[in-house]
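Below you'll find only one chain, the form predicted on its own, shown as structure tokens.
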Amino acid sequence: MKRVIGLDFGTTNSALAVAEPGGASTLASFESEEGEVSSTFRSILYFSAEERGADKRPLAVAGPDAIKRYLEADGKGRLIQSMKSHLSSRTFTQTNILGRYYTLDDLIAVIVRKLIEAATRQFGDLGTSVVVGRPVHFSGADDSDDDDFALGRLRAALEKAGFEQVTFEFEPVAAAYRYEQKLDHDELVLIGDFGGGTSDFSLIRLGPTAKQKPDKQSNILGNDGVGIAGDAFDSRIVMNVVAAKLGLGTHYNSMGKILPMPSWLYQRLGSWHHVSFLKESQTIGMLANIKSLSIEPEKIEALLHIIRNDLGYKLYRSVERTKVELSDRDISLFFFKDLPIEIKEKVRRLYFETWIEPEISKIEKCVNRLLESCSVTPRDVDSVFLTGGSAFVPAVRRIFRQKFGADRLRGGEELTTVARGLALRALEV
């Protein structure tokens, strides 16, 4: 049996693992944007405004190289992030990037190809078969048709990247494969996987008895998920800390009428998969006109500065830093500076948890719905394994601590568990 690979294509970060017969799995290593070795690859693209390939298309780079080129380019190209969140959107057919049109699967394929190229330098030829993670419900999906539509687009992207055999597995089920390696006894486990765009859950029986079953699917009692996770928390910080400094709540005088600034601009600014698409001539022209009529034009100019210079990623880093710090402390200093803009404001965890309470409530309802559909009570669950970056958010952990007890919470390898589990799953394909 040859080695197999598992690919966790994420909203914010991606990871790849290789499994050998016998169950050993190895993560691919990548150079981070800071020049250090990382087991994750940023799901991000940068298109150069100054360099083009042989086909005359703008040069595209992905992952840490994309971030490095973006930071060096001073806003001259296009940076695109959180593309996974667009998969279920039927309105996203194609987009114009520096004079060339790209479909969503074109963009995702570029990222996957670059990731595979980097992993190939470590492992050698990886073949054309892969097991890939998928959320239970894609971000923005309203029904199963939307999920199927998203899955079809993701498959198309993977095939464009060179894979001929693609098998999908629910991300929390993949995490269960990795968690099970640590068990020497049987357990009923609730797996929670918190990504950038979705929160997904599986209720599954794991351990020596479950491993012996010829039909592993019979161990899964149920799956559920909701299109809410880290990006939604980021959006709350943008709307409550940043947006007012960029004109939200201000007014402008148009033909004798006092009109409020359009709120949709700030909603897109807080959605990382939308922010790069604000850099369109129509939007910039509209804002330039509003600025000339605005009561507080300096704030509109600040918004224009962010859009014109494609500063979404720099803003994201400031937001992410605050969110991460609030997992460990009660107060964080939000700081964003790109002259002439400078935003500095203390953010209290208490306020942050108030802002994200609607999202936390929806996550809790999803967990309750899964338990009820499986006729399982919290007392029946032996352990709760939480993975993914947003698993560190105290308000998220509180849901499970209060419902199941702190002694049953498990964690570890939060950013790579799914990739390792997908590789283990690939041994069965």
Ligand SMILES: Nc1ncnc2c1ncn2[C@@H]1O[C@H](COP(=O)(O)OP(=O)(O)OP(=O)(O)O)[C@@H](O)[C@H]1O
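All values derive from a computational prediction rather than experimental measurement. Residue positions are given as counts along the sequence shown, with the first one as 1.
Just so it is clear, the following notes concern the form predicted in complex with the ligand, a form of the same protein that is not shown.
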Open item on the list: Ile67 versus the ligand, in the model of the complex: is there a non-hydrogen atom within 4.5 Å?
Closed with: no
Self-check item: the ligand contact in the model of the complex: Lys323, any heavy atom under 4.5 Å
Solution: yes
**Study point:** Gly225 within 4.5 Å of the ligand in the model of the complex, heavy atoms
**Key:** no
| query | Wondering, does Ser25 line up within 4.5 Å of the ligand in the model of the complex on heavy atoms? | reply | no
Note: exactly one of Gly197, Gly247, Gly312, Gly192 sits with a heavy atom within 4.5 Å of the ligand in the model of the complex, namely Gly197
Only one of 387-395, 54-62, 31-39, 364-372 has residues with a heavy atom within 4.5 Å of the ligand in the model of the complex, and that stretch is 387-395
